[in-house]
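Below sits a lone chain in structure tokens, taken as the form predicted alone.
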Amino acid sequence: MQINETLIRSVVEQVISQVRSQAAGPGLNLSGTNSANPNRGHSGLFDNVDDAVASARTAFEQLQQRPIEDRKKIIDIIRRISISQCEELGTMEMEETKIGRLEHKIAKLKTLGEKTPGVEFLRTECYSGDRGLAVIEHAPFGVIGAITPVTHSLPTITGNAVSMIAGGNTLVVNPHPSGRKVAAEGVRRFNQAIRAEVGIDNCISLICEPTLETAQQLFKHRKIALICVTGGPAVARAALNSGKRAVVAGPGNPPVVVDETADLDLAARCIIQGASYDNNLLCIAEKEVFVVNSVFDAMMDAMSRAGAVRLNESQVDRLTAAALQVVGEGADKHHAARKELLGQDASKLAEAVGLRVDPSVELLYGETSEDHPFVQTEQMMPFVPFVRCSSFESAVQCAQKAEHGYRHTSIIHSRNVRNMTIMARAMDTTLFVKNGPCMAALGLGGEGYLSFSIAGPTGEGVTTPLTFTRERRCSLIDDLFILGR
């Protein structure tokens, strides 16, 4: 997953000026109308929901007439661009969103191209007997409406497009406004290559000026057959209340439990690797750590040995004031990350508390209470709170409380298989990682396939092409030659 630093600097120097010029050029010009901008109305770029859906529907009808081999060609195109242009597109995303880490923006696009499942994931079941033949196959929904987050703007679109098109669908994307330019540029490149090689345009359509209103229009549009949402609690609730079938990848606040049997140095390295990845923007990332008291001090020392920087109590207090704010009213009142520090480097968080650390430092950490805002909030920045627990059972109880019943992701570091089993049953999360960093659950350093849409609220789990298909049964009765009859 590490990208050579010399390569990154070279890429940045070559690409930044190009990105800035493109931001005002035809590829990323997101202002104006179709008549003013010749890119609108094809290559997936649209000003309004109706046009985007109509064009995606036309693309779907064309795709329906093509063999599955053409779906594979389209997916191969998306993968090829995602891999070969990962440095340029990752740099664009970093320049626009200004959150996360450049090397991880690049790595996400590259690994998505390599590990996202395609048409090979589809399978057909057959049953034959004296009364005929039944074939169970997987049919597309049609046009899927997708809402994508700022944390992984183009990577989420890329992964969703591969899975949805593999299932025979097309899609309309309402991206997060703060990541709309790189989303539009990626979609434009995908569609141009697909049109040139396969002859179908607008397999991926995108709303160039996304708003809450366009998202609602997408939710309610009669030609949208399915909704896929990747985002926070508010957009997840809106999707579930849309009246349509929805695949919802909702929020997470993944806890880590470290028991007295754990390899503490391994645990420290894994926590730093996972919690610092893209500056903790991943929904699966380690957000808070509960450590059994008997090894708590040793665990804190292990974190320091592994390269993290510890904040004292007063520094944690200052960071809390600088990084978190209270939002909402009544029952909806809660802490949330301030935009200024969300997804920023550990060195910038340190500056906020008057501390200077080397830019190479990836993670800050410190001791807090169980009910501290940093423990209970999905904060998405490279600071991890550590909580001292009297026992393993207490640590699991604290983890359950902090996870808020999202059933998203939980992590344990232990050599005790019984403790692993106890925590797995208690947390009942979609992803459960034992003795590794969070990314291992998505095949990054572990086994399995990759997707950035992890549907916990609606139960599909890590999404695949099968997630975006309907089961269809075709039956042939009696009039069938059966060997041996």
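Predicted, not measured: the structure shown is a model, and the values here were computed from it. All residue numbers refer to positions in the sequence shown, first residue = 1.
Missing here is the form predicted in complex with nicotinamide-adenine-dinucleotide (NAD); even so, the following discussion is about that form.
### Task
State yes only if every one of H176, T230 and A238 has a non-hydrogen atom within 4.5 Å of nicotinamide-adenine-dinucleotide (NAD) in the predicted complex; otherwise state no.
Answer is yes for this spot.
#### Entry: Listed residue that, although nicotinamide-adenine-dinucleotide (NAD) is not shown, lies within 4.5 Å of it in the predicted complex (heavy atoms), from M381, L218, I157, C283
Residue within 4.5 Å of the partner: C283.
### Task
Have a look at L212, A298, L355, A139 for me and say which one sits with a heavy atom within 4.5 Å of nicotinamide-adenine-dinucleotide (NAD) in the predicted complex.
In short, L212.
### Query
Just one of 314 to 322, 87 to 95, 372 to 380, 290 to 298 has heavy atoms within 4.5 Å of nicotinamide-adenine-dinucleotide (NAD) in the predicted complex; which?
Looking at the other structure, the answer is 372 to 380.
### Message
I'd like to know whether T148 contacts nicotinamide-adenine-dinucleotide (NAD) in the predicted complex, with contact meaning heavy atoms within 4.5 angstroms.
### Response
The answer is yes: T148 has a heavy atom within 4.5 Å of nicotinamide-adenine-dinucleotide (NAD).
### Query
With the cut-off set at 4.5 Å between non-hydrogen atoms, does K244 touch nicotinamide-adenine-dinucleotide (NAD) in the predicted complex?
No, K244 stays farther than 4.5 Å from nicotinamide-adenine-dinucleotide (NAD) in the predicted complex.
### Query
Does A331 make contact with nicotinamide-adenine-dinucleotide (NAD) in the predicted complex, using a 4.5 Å heavy atom cut-off?
No - in the predicted complex, heavy atoms of A331 and nicotinamide-adenine-dinucleotide (NAD) never come within 4.5 Å of each other.
### Message
Just checking whether G186 would be counted as a contact of nicotinamide-adenine-dinucleotide (NAD) in the predicted complex - the rule being heavy atoms within 4.5 angstroms.
### Response
Looking in the predicted complex, residue contacts with nicotinamide-adenine-dinucleotide (NAD) do not include G186, since no heavy atom lies within 4.5 Å.
#### Entry: Residues in 334 to 361 with any heavy atom within 4.5 Å of nicotinamide-adenine-dinucleotide (NAD) in the predicted complex
Result: empty, none.
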